[in-house]
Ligand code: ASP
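Okay, so here's just one chain, in structure tokens, the form predicted on its own.
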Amino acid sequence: MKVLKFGGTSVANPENINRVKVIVQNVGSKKVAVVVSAFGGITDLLLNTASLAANQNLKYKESLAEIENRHISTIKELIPVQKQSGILSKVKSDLNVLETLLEGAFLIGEITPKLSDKIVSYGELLSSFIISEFFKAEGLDATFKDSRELIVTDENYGKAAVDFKKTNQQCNAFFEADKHQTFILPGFVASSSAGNSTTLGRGGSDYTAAIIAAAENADILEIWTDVSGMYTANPKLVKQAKCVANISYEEAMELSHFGAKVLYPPTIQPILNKEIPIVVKNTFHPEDPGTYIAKNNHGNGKTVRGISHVGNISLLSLEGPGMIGIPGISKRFFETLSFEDISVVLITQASSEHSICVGISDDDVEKAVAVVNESFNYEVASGKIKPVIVEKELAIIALVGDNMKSHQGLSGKMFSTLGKNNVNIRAIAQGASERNISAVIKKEDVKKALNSLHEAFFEENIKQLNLYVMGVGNVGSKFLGQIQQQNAYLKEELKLNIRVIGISNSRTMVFDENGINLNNWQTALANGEKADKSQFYEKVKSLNFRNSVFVDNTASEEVSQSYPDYLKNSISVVTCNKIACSSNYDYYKDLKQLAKKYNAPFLFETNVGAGLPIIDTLKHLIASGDKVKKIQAVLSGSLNFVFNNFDDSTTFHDVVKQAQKEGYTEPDPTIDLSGIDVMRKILILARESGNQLDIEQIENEAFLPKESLETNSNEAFFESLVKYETDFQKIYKEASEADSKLKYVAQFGDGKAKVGLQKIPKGHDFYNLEGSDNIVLFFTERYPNQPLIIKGAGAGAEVTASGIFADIIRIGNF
């Protein structure tokens, strides 16, 4: 015999029931027991109707009418008209009994567990009868059998315990005597020895199927649902989750206990000893192989087989000095909870015996607190034990796998992965079997935790980075274009999957949890909501994605002041905005410390030299033990472009205008030409070399007239350049006559820094610096005479964007 169970979604409507019929027809010549759930949503509707009736709310009649309509309309769509009469009569008779039961609840104003079981059982009783009649009408050799006549339980209404001896006897007798090929049975329902209707708990249809499979020594138990098996994680929360092809009974039990809803946890118990395999299949994609569950089915030695979670958990902690070395405390604690039928899903106790911590359902918290405090009233009153401590809004995540036992490093990998993503662990539990490692975390962190762990254990080392980009002007737009261009390469070669989740400019912002399509991000942004920097941050924080990176492509001081907020939430920051790192030293130092504390990289390679690896090289020098003695540099690509193109055949105004047009200067060119930009850069290099310095301490030998520096608009600034053209030509002539070139140079040494325009003679490393190139000379203990030189393009949107991109890749390899 084969036993097939179909869940509520599989029989939710006539179309799906037809799918079920096709699957059953294809079973073959063997006997088949088909266990069905109530039509999708009917069980909840019955419970709600009963609640309305018990509260003497006449709306229960509307709810009952909806239940009736669902079943009557299904019959009329599935069954030929000439065969409907008897079926409709039977169903309406059952609905009349249901109405009577609800009227009783309405009249007395309450509902007992016994009455609740009677009412809710009608979901499966009606669905199974209608489906059996449909099968008969379609020519199948089918019959209906009420599971209440086969499965015997105690009278623990709502979650009755099965009497397997009597149940097996009744199953054996029935299936041996009845010669039909197909048997349709209601799941979830049973009856006590006294004949009262009972239920096996939510999800009990799986259990019904397992009970029958065990009683009849079935060849296989097939669980048909709306997913193609058991997944490595909940596919609704983890898009990259994969179906697990093979899994052991024990692994399946662990995963189902920890929230893998495709299988009701008690299902495996009846068939475990008989080693009857289970296959979890998809009604809507029956061709998919599904998940095969059997003994010693460990998946080719893989360690972690799945990651699951249980939500709506609270931690209950009992602690105090009066617990240490006192026998019986744990016994009293757990007995108190047990007497109130409060299930404990996680236990942890410190070796000092100072505290015991348990995880329970949120629904049981108030009752648990009251009974535990009452039980330990004497100890609490005498100060030996504190009143019970409660933490709510939590969840349990668990790694599951038979082969995890004695496999070194799994716990460390799990906890470090969570730590890197700012997921705080409130409690930890691991059984001696080492088949499960559980951790209690905040409920709001579940999605991030599951995705982080899944990435670490299942995704072939492909790391996903989630970017939030502020500023999409010249640099920002080039950056997004580079990501789009290189996406496939990054996945294939560097195992990085980069998604842009949010984009903002000064006017609008847009978010897409699945990643913004970079083919048309401009359109999406144009149609986005009004830009708001604080709301942008709140959205990033609320999405709570793993491996999040805030990318600042602006020159805004306000944006730079938001970096601590991001870092404190373990959101990395990548920026070409120099303001933060060149502001007061304490703020710079604070940002660096926050990055370390919250394990969130703070990278700003483009602050000096655009795409040149200047800061990265400096970091490696320092990390290897070298010490910087002196720095000489041309750090302004815009100023180098200007003075490389300015001569007696041009005007200073026109050259600066050209530099602005080609994107070499900041939107406000005075930032470049005043020297403030170069001051910021040498300041950052000095600080990264290990020196404490502020920008006010840097000497600036300005070459611009005071009037030009004090203009308040670009228009006025360029007008001033025309006015002072003679002065600029004089500077050029003096350099030319000295056979030198003009370069704006930054220097640092002996704790002092200065910037200014210099005449560079032939033979100097700076003399032949072309275009917008930058050059940095590091004189160190290891490079005392011949400096370490870094040279290349130091300005322009493309190279700056590539520098930001390089920082993103560094984070990916972090």
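One-based numbering along the sequence shown. All figures in this text were calculated on a predicted structure; none of them were measured in a lab.
The same protein also has a form predicted together with the named molecule, omitted here; what follows describes it.
Student: Can you tell me whether F479 touches the named molecule? I mean in the model of the complex, with a 4.5 angstroms heavy atom cut-off.
Tutor: Close contact is absent here: in the model of the complex, F479 is far from the named molecule, nothing within 4.5 Å, heavy atoms only.
Student: Do T43 and the named molecule share at least one heavy atom pair within 4.5 Å in the model of the complex?
Tutor: Result yes; T43 sits at the interface with the named molecule in the model of the complex.
Student: Could you tell me if S205 has a non-hydrogen atom within 4.5 Å of the named molecule in the model of the complex?
Tutor: Yes, contact at 4.5 Å.
Student: Can you tell me whether V755 touches the named molecule? I mean in the model of the complex, with a 4.5 angstroms heavy atom cut-off.
Tutor: Looking in the model of the complex, residue contacts with the named molecule do not include V755, since no heavy atom lies within 4.5 Å.
Student: Of the listed stretches (686-694, 150-158, 338-346, 196-204), which one has a non-hydrogen atom within 4.5 Å of the named molecule in the model of the complex?
Tutor: Partner-contacting stretch among the options: 196-204.
Student: Which of V34, A53, A38, V776 has a heavy atom within 4.5 Å of the named molecule in the model of the complex?
Tutor: The residue from V34, A53, A38, V776 that makes the contact is A38.
Student: Let me know which residues along 118-137 have a heavy atom within 4.5 Å of the named molecule in the model of the complex, or say none if there are none.
Tutor: Counting only heavy atoms within 4.5 Å of the named molecule in the model of the complex, the single contacting residue of 118-137 is E124.
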